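The chain that follows stands alone, in the form predicted alone, written as structure tokens.
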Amino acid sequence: MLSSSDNELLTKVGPGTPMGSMMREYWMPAMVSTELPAPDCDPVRVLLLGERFIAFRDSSGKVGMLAAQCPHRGASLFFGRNEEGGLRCVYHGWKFDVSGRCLDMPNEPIESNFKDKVRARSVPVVERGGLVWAYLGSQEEPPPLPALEFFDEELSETRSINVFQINCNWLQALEGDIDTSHFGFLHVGHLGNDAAPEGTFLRHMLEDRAPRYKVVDTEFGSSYGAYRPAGSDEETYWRIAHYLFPFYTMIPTGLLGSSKTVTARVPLDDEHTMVYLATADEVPSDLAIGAETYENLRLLPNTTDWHGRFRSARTLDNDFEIDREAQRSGRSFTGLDSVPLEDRAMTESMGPVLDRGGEHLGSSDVMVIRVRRRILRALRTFVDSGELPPGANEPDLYRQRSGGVVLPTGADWLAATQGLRDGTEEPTTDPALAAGV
């Protein structure tokens, strides 16, 4: 159980908050590159950690993100003209490039040098992996981008990005990713023990829905191994997954060593989160990111308001269109027709920002507890000493893999999987055994 003060520390991300300040020391996904489809296209409103920006792609194709208000009189740059290498405020014609430099100030005398003294606030921006990344932190020289393996792959059938917005705080969404025991109920609770072939990962899970856990702190965050029998006393099935600072998870979907899946839960503000699910799996699984299951979120067309991007048609307001007959008949445990929809319904039903003072945590919540403590410890160190948080300047720490594996019973799970987790060892398990989990 968290105190109200610790809960506030973890969940508030706006300017000047401790968590918001720490998160700003990392590069973070701000938007999908295709939201700015061409040079001089329409500007886009972008909300990030409670701050408002206007993103635009200039005439050369370079992306910039400027503070939403013009530094002259505060009019919104969203209404600006994107033309000839800059964004021009239509109120008085002041024009700014992607770095915030004022290029033109046509309502000032021609001999005036005032435009050289005024800048719009801009943040460093780079494009990589199909995403626009922004750095809002304090370092004069931005740190390197995290070296996620996703960046190494070209767009293909096995490399994809799915993006959607959820209406709750970033932490409660992230905690769903690191809670593996819910899978056996929320997602496959309607399946009997014999619903999957013997020897498959799914069969092991169905036969034992209450795994035991090992959790460790790591240089990049925290990791867990959830383990249960693999059909005999001689072998154990492990689901190994990670939390990586500040808001990334690698869930145990697929085969350990082949799965390169990462999820970013990026706070737009305290009550809205943009989810970026990126995968470059060598072997797609039934639940891999990019599978048709994500299409069931039924995203609405983007609008131009601050929360208008990547919204689902299914929300708490319409009960996520739950099918009670499917629930009663046993066709579905939940009556919700996709894994992402089930996850969203649970985390959003907690409210915009969960008051964790009323929780009753059990042994299955050990990873959730560990991650909260890990973040709080790093946060207090950052506030007290100014020391950069874990991973902020160490991009290679993000080269991790998650997934399932069968090990001899009694094996050291960390030592036995080192090469699979860091990608230096190829898995020998038949990928078909990992299908469905």
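All figures in this text were calculated on a predicted structure; none of them were measured in a lab. Throughout, we count residues from 1 along the sequence that is shown.
This next part talks about the form predicted together with another copy of the chain, which is not shown.
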**Prompt:** Can you say which of 244 to 252, 195 to 203, 131 to 139, 174 to 182 gets within 4.5 Å of another copy of the chain in the predicted complex, counting heavy atoms only?
**Reply:** 174 to 182
**Prompt:** Among the candidate residues K115, K214, R298, H92, which is the single one with a non-hydrogen atom no more than 4.5 Å from another copy of the chain in the predicted complex?
**Reply:** H92
**Complete:** Checked L191, M350, A147, L103 for heavy atoms within 4.5 Å of another copy of the chain in the predicted complex; positive is M350
**Asked** Would D40 count as a contact of another copy of the chain in the predicted complex, using a 4.5 angstroms cut-off between non-hydrogen atoms?
**Response** yes
**Message:** Even though the partner isn't displayed, in the predicted complex is F78 close enough to another copy of the chain, meaning a heavy atom within 4.5 Å?
**Reply:** yes
**Request:** Decide whether V339 counts as a contact residue for another copy of the chain in the predicted complex under a heavy atom distance cut-off of 4.5 Å.
**Result:** no
**Request:** Determine whether any heavy atom of Y237 comes within 4.5 Å of a heavy atom of another copy of the chain in the predicted complex, and answer yes or no.
**Result:** no
**Message:** Counting only non-hydrogen atoms and a 4.5 Å threshold, tell me whether A67, M274 and T428 all contact another copy of the chain in the predicted complex.
**Reply:** no
**Asked** Though the partner is not shown here, which residues of 186 to 210 have a heavy atom within 4.5 Å of another copy of the chain in the predicted complex?
**Response** L186, R209, A210
